[in-house]
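Just the one chain here, laid out as structure tokens, in the form predicted alone.
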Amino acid sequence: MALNLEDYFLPASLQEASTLLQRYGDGAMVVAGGTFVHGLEVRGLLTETVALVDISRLGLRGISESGNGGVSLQALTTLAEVGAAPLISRNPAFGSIGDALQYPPRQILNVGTVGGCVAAAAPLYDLPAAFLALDGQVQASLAARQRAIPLNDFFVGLFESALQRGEIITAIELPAPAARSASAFLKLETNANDLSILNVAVRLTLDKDGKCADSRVILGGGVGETYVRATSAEAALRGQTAGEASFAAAAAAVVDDFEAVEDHRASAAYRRHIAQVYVRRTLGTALARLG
């Protein structure tokens, strides 16, 4: 299918960018790093796009501490900058982020942006799964209005998000982690440049006795049109001593939380099996980070 692009804009303010997005509606697409554009084009998903709105000049770049140990990632911060930030790399609670950033090639890390990665609403992507395990939220702007959207509510379908017309992601906010928390991420792929067959992000929070006070288990990849929070696996962990037995129980329970997809990358049965294996492994990695 042929592209129908007619206009390219480089706005100098959020107000101007929002105005353009409202004017063109579904015919506009926001770009920054632009790493997602080719993937959409080759799949014939840009035929209705007539205008690109490039927000790369809006600032929105940097990483800062917020709210007693939380972290704010401005939307145009590159993936490489996120991975190198001491606020991220030195905190085991944010370990899932560093894990997820081991997979993309260097070219993507240097150009791709944290906001674009989330805005794509593609459950095959790695980093949003890590953010979901950390109870992250999106900060979105429409002209002078700002609002926060929990990531649990942000992804509503394949390539579909809760952003309203004209809204632009300005930051990803990660709340301050509880004491004795660690997270981890693991991905199965066919090769170094492929999207995930399945990915798993987990967070563990232990009490003083080594029992699981809270957890998150997130599945992405071939599990449907959005990421899946594995509540059955989390329930199997709650109140249990963190270790091999509880992790095996969580892994066994995870198959109740999703309908595996069957496609050219893997069968549904294989994905169900790998989900169990990877849940157990990622939980083990998170526990090891707690010493």
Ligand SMILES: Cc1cc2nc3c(=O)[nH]c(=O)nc-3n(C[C@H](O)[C@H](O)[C@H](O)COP(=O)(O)OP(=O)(O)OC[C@H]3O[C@@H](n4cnc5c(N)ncnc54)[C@H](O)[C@@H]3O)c2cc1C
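The model shown is predicted, which means the values in this text are computed figures rather than measured ones. One rule holds for the numbers: they count along the sequence shown, beginning at 1. So that the term is clear: the rigid core is the largest set of C-alpha atoms that superpose within 1.5 Å between two forms.
Quick note: we don't show the form predicted in complex with the named molecule, though the next part is all about it.
*Asks:* I'd like to know if D99 sits close to the named molecule in the model of the complex, meaning any non-hydrogen atom pair within 4.5 angstroms.
*Replies:* Taking the distances in the model of the complex, the answer for D99 is no, it never comes within 4.5 Å of the named molecule.
*Asks:* Is there a non-hydrogen atom of G33 within 4.5 angstroms of a non-hydrogen atom of the named molecule in the model of the complex?
*Replies:* Answer yes; at least one heavy atom of G33 falls within 4.5 Å of the named molecule in the model of the complex.
*Asks:* Using a 4.5 Å heavy atom cut-off, state whether Y125 contacts the named molecule in the model of the complex.
*Replies:* Yes, Y125 sits close enough to the named molecule in the model of the complex that at least one of its heavy atoms falls within 4.5 Å.
*Asks:* Taking heavy atoms and a 4.5 Å cut-off, does T113 contact the named molecule in the model of the complex?
*Replies:* Flag for T113 set to yes.
*Asks:* By the heavy atom within 4.5 Å rule, which residue out of L198, A130, L151, I168 makes contact with the named molecule in the model of the complex?
*Replies:* It is I168.
*Asks:* Of these, L188, L163, L87, A213, which has a heavy atom no more than 4.5 Å from the named molecule in the model of the complex?
*Replies:* Selected residue: L163.
*Asks:* Counting only non-hydrogen atoms and a 4.5 Å threshold, tell me whether M29, P105 and C117 all contact the named molecule in the model of the complex.
*Replies:* Yes, the whole candidate spot contacts the named molecule.
*Asks:* With the named molecule left out here, work out from 105-113, 175-183, 215-223, 201-209 which stretch has heavy atoms within 4.5 Å of it in the model of the complex.
*Replies:* Looking at the other structure, the answer is 105-113.
*Asks:* Going by heavy atoms, what in 70-91 lies within 4.5 angstroms of the named molecule in the model of the complex?
*Replies:* Counting only heavy atoms within 4.5 Å of the named molecule in the model of the complex, the contacting residues of 70-91 are A75, L79.
*Asks:* Relative to the superposed rigid core, does the CA atom of A266 travel 2 Å or more between the shown form and the other one?
*Replies:* No.
*Asks:* Once you overlay the rigid core, does the Cα of A235 travel 2 Å or further between the shown form and the other one?
*Replies:* Result for A235: no, shift under 2 Å.
*Asks:* Does A51 shift between the shown form and the other one by 2 angstroms or more at the C-alpha, the core having been superposed?
*Replies:* After core superposition, the C-alpha of A51 moves 2 Å or more between the shown form and the other one.
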